[in-house]
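To begin, one chain is listed below as structure tokens, in the form predicted alone.
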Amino acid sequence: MSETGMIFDIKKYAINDGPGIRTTVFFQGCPLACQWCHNPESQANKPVLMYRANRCVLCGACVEVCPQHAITLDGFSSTDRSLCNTCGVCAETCYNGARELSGYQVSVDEVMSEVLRDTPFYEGSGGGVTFSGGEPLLQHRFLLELLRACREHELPTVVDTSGFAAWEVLNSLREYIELFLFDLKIMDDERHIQYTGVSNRLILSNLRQLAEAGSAITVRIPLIPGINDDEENLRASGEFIRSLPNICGVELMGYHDLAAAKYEALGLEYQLKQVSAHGKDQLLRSVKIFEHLCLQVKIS
């Protein structure tokens, strides 16, 4: 029987998660809680209920089937999340897709069955499989079995990670990984804790050890206006990256607020409501900081 783990999505024909055309497997669970997280449904290490009011037709079916009596209907649908145990009965009943669970258990065989269907696309484009999240290192045993299965089928692998895990975990996996997409968010430790919930000391240590061990790495930096896009942080990030071997390049990821609706669906407050995306000139200024440090950089 193959190893099992929890994921929340498998995205086909992904073109921004590594080289070529890829299938991206999104793991459930993350030790960070970044205020700008684009997949807030992935942070919990268990299934979470999402409710999208714009899809709800107020039929009342969910009220009738909820065993916890957590749902009420009085002109609008309301869920008492302190009573909800994410059993999923309401999501199964909701024919309009207003209610759904994010996060489900799968086996290695089930994931590989999906991944292998797109083998011709990988071969033709130089693509492969990317494991993202959430944080895939949080389920490192499941990830290891998936990486070994990909190796057996000669599928190139990428892991997109925050780097927040014991070095022993990274070291046990790296021989099966062709490329790491490694997030670097904020260099100042206090600010990193403020905006992500964790210290960056382990992250920076792992990035250095991974590079010195010979792993290929693309460093990804999410540009969040007013949080980490100042010249001081970007220059410090660039100087740190420049000190490392085996860095394939830097990818600056522009901010957008498309995930705001997900926070609403989870019953959470989106903390960056007042933040606006960068203009083209602002993005180019960021690029120049890294180019002046002789680093290969692109914007995604």
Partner chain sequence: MADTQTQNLTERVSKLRLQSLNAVESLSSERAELLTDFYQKKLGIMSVPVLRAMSFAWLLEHKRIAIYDGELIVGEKGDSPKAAPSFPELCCHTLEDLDILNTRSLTSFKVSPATRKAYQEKVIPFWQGKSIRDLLFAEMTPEWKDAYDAGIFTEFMEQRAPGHTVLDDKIYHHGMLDFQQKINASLAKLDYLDDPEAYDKQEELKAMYITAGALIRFAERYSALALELAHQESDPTRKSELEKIAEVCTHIPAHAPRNLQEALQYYWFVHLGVTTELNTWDSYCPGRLDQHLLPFYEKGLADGTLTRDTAKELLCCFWIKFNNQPAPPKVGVTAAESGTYTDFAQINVGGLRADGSDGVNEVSYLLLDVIEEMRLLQPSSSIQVSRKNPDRFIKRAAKIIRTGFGQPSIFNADLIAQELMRAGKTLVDARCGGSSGCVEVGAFGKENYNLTGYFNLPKVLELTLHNGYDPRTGKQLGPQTGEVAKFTDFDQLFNAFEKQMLYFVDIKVRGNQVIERLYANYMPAPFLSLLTDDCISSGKDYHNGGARYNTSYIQGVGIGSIADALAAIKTHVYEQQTFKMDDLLKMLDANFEGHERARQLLLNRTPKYGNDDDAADALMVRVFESYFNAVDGRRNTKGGEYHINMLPTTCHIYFGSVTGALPDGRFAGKPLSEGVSPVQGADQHGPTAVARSVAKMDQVRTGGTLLNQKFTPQVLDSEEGLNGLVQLVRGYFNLDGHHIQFNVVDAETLKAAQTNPEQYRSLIVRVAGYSDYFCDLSKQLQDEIITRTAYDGF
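Numbering follows the first chain given and starts at 1. All values derive from a computational prediction rather than experimental measurement.
We do not show the form predicted together with the partner chain, though everything after this point is about it.
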Should Cys94 be counted as a contact of the partner chain in the predicted bound form, where contact means heavy atoms within 4.5 Å? yes
Hey, in the predicted bound form, does Ala61 get a heavy atom within 4.5 angstroms of the partner chain? yes
Does the partner chain get within 4.5 angstroms of any non-hydrogen atom of Lys11 in the predicted bound form? yes
Would you please decide whether Phe121 lies within 4.5 angstroms of the partner chain in the predicted bound form, comparing each non-hydrogen atom pair? yes
Of Ser172, Ser125, Ser107, Thr79, which one comes within 4.5 Å of the partner chain in the predicted bound form, counting heavy atoms only? Ser125
Answer with one of Arg201, His153, Arg117, Arg141: the residue that has a non-hydrogen atom within 4.5 Å of the partner chain in the predicted bound form. Arg117
Within 4.5 Å of the partner chain in the predicted bound form, counting heavy atoms only, one of 68 to 76, 94 to 102, 226 to 234, 141 to 149 shows up; tell me which. 94 to 102
Between 14 to 28 and the partner chain in the predicted bound form, list the residues on our side with a heavy atom within 4.5 Å. Ala14, Ile15, Asn16, Ile21
